[in-house]
Each structure stands twice: as C-alpha cells, then as structure tokens.
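There is one chain below, alone, in structure tokens, taken in the form predicted on its own.
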Amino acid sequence: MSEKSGIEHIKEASRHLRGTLVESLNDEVTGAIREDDQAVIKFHGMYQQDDRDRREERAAKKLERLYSFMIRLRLPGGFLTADQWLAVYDIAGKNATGVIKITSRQTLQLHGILKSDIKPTIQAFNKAHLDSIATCGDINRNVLCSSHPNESPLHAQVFAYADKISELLMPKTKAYYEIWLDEEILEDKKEEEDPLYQERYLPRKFKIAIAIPPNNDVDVFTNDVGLIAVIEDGNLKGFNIAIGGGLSSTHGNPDTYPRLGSLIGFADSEEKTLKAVYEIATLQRDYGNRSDRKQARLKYTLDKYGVEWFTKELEKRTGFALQPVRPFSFQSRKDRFGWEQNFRGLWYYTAFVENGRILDEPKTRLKSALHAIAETGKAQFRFTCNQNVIISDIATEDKPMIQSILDEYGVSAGTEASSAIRRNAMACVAFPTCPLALAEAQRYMPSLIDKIEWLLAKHALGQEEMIIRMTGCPNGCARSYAAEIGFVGTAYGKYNMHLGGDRTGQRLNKIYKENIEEAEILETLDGLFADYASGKNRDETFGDYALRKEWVA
C-alpha cells in the first residue's frame, strides 16, 4: 500500500478538524496560522491567502506577508433571503475588502479578512443563519442546482434536493461550533462519530450539481456527481446519475486531465437518489488515491477501476440496481437575463455581474442597488453558477418599485448593454489573492473581452453567444476546459488557448496554442473569426466549427 500523503496524516491527527486552530488564532505574533492548520481550516470554509501584489514591497521592508483569509458560505442552490443579504453586505463592509464575490459554485465568498476578524465574522454569519461549514477541503462542497425558477414548474421540488444532499453529506464534527461559536466542548466524542467521513474524510474535494434540462447552467458533467432531473407528464420521475467529472489538471503532467462525468443509470425515487449519492461518496472514500493528491479526485478512481466495476460496487452498497438512463436533452447553459415571470406568477430579474464581483462602479452601482432592494423586503436573491444574481420572488405589484431601483443605480442599463459573449464569460479570482495563480484572470478578462468584442464586430459576429472562460492556473475553477474558447494561465501574461468545447457543456475543448500573450491571442482569434464568419453553416456554433475544421482533434 502506498504511503499516505502529508495531508492525510494532518486530517487523521486533527481531532475531527480541530487541529491547533485555537492556538493559531491566539498567536498575535503573526497574521498567519500554523502550517497544518492551513489544511484544517479549509474544512471550516476558509483559505489562508496573502496579497501577492505586495509581496516584494513587504519583503524589501523585512515584513511578513500581508496574510488574510477568504471565507466561503454554504448556500445549497445559491439562495439567500433579503435579511441575509443585508447581513452579508454589512459583514463585507466591516471585516473584508467590501467586494462580495459570487463564485462559480453558486455561493458567496469574502476576501481580505484578518485573522483577528475571522471569529467575529463567523459569529455574525451565524446570527443571520448562515455558515461556511464544508465549503472547502476534502469533503462535499456547496451543492449546485439550476438557479432560475422558470426552468420548470417543478423547480422548487428539484431545488429542495440541493439542501437535502448538503445535509446528508455534512460532517458530524462539532469543531466548527466549538471554535467559532464558543459552544460547549463535547466530553463524549461518540456524539460526533462520523460513519461517512470517519477520521480521514475524503481523499479530495467532492462536488455535486443538479441540472434541469434543457438548460445545463450548472455544467452538470464537470462535477464528481451530476444529477439530471427527468420530468415527464408534469411529474419528477427521478434523476439520471453521472459520475467522475472534474476539470483540474497540472501543467506538464499527462497523468492529470479534465474529464466529463459518465452516465451510469437512473434512480426513480428520492430515497434511491440520496442513497446513491451517499454511497458514491463512500466508494470514493474507500478507493480514492490517498498517496498522490493530483490523482485523488473521483475521476481518477473511476478510470482506475472502470465505470462498470464502480457501478456494480455502488449497487452492492445501495442494495438496488440503477435503471437505464432516461432520455434527456440539453439545449443551452446560460442565464436568463432581464425579467421573467415564473409559473406561479412571481417575477425574477437576472442582473449581469462581471466575473461575479459585486461592487459599485461609476456606471453600475450594483452593490448599492442590491442593498436598496433588500431593504424593501420585497425580493430574495439567487446566485447562478455563471456568477450572476437573480433578484427573485417578486410580486407583480412590487415589480415597478424594484425596476425603479434597477434603473436608478444603472443595473438595468448595465445588463442590457453587455454583449452576449461578455454575459457568457467567466474568470476565476486568480491574482492577487489565490496562491495557485500563475496569471491574471478576473482583473484581466474584462479588457480582453473589450478587444474580442471589437474583433467579433469586425467580422459581423457581434450577436454570437460563444462561451469564453479564463483561469489563472490549470485548476479549472471557472470551468475553462468546458468552454468554446478557454484560456488557462501558464505564466504571468501567458495562456494556453483551448478550442472546441460545445455550447451545452457535453464536450471538453483541447489545446490549440500554448503560452501565448495578448497580441498573439488577438491575432489568432482574428483569423479564426474570419474563417468562421465565412465558412460556418447556419446555426453552427464556434465550438462545433472548430472541430469540423479540425483546428483541434
């Protein structure tokens, strides 16, 4: 048996995720926490980071790096009440940078929280009935669900599964409550025995998404477990189950790769669906690679043992056989911008949020607008996997008031003025806070989109809805490998360009050019767009055209 990785030893010795976090927090000499605790704190929904823009300056002054923490909330399906939004707004202003980030996993995170402010921040979230448990670390992360209630009259029924799965796969440890909320320390540790995670937790992060066809807005096949709702004759019949999706890889390591999930069958009841999800996690717990973290995701377990073997083992553990996959069809994976009324007569406005950064800019004061809307108490909030916000559940009589706020703060104008490719684009956080970043992403993407928009207009392609995504490293947080045009950072100012993904999230792209800078990116796209404009068939997408022309294999 291979030697376990260092992180595995840290997890097992952490006393159910307590580690030495209390001692680290009480150490006033440094803004950081102990090295082992940096792994443990992830399970509490936090990452230690530092301002990479200021590393050299501080090093020259012989100062410690400017350490701070990112805290990510647990919001199954991305739902927040008006009161909870007001709480997040206040907490961001007091304890963080002020910018509220919508993540590609349908939740919110705050950056720049100092070590001394972590506990007050968590306690303030708790007062608003919010927590950050299990949003990072080797554990089930925030559960995604198709965000817009107009996707189906049964949206609420499907949406409820996100919360059920989140609760089902929650860790049993009370460490979060003891450390951050000052709850009484458990004397009898039997109370937190965890049959799912035990003392070792999962080998690596674990992601779950629920899609409602025909919109694959959650990129369901990029998750460890994907559930595809099957609705027939107005009834939810169950879910098709896909397993083994995941996008992270490592430059120069051919043993790592992005992978889309494999469909393994259909579960025809809530009980069977939840049981299958749970036992998929136990199989990954027992068979996942614990010696090499680069090979530890479920996709590698699946490829090592085979889909057929995994499915048979799953059926042994669940005690039932999965049925054959039911027919389904995805036709898009985008958000529904502007106003829409759902099947119950309530109104929803989807506002464009560039790269998920909620802040006030000169023309669009989005952060202030959402605060004003929350103060009315007439709307709630839903966050999408494409990093946008839906102002939701608005009665017809309240719609004019919400519209007036959207107009006053420039939100309507900003959303309507954004091009199709800008609305579809995504970028990860990258610099200055992500320790893994090799290149810029969210700070650079808007200016690159400006130039790509000009090229598209030049070739009469301005209305194209192609999907462009960028990540500052090969980890894939903005799902760049599942885009029609993907940019993956290799070094500062340099990116691999990927082409050939499809419009619905059922095909990965491939590398077209490596280590190119902006000038070559634009020159290359200029030629590709010219070719596409003159040679495409009616309704042929850019990703499909790239394959037909054999730009990539």
Ligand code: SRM
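Note that the structure is predicted; figures quoted are calculated from it, not measured. So that there is no doubt, residue numbering starts at 1 and follows the sequence shown.
The same protein also exists as the form predicted together with the ligand; that form is not shown, yet it is the one meant from here on.
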item	value
The ligand in the predicted bound form: contacted by all of 72, 204 and 428, heavy atom 4.5 Å	yes
Of 421, 434, 374, 390, the one that lies within 4.5 Å of the ligand in the predicted bound form (heavy atoms)	434
One residue of 290, 333, 382, 111 in contact with the ligand, assessed in the predicted bound form (non-hydrogen atom, 4.5 angstroms)	111
One stretch from 507 to 515, 521 to 529, 43 to 51, 490 to 498 that, in the predicted bound form, holds residues within 4.5 Å of the ligand by heavy atom	43 to 51
Residue 261, heavy atom within 4.5 angstroms of the ligand in the predicted bound form	no
Close approach of residue 247 to the ligand in the predicted bound form, 4.5 Å, heavy atom	yes
Exercise: residue 476 in contact with the ligand in the predicted bound form, heavy atom 4.5 Å	yes
Exercise: residue 107 in contact with the ligand in the predicted bound form, heavy atom 4.5 Å	yes
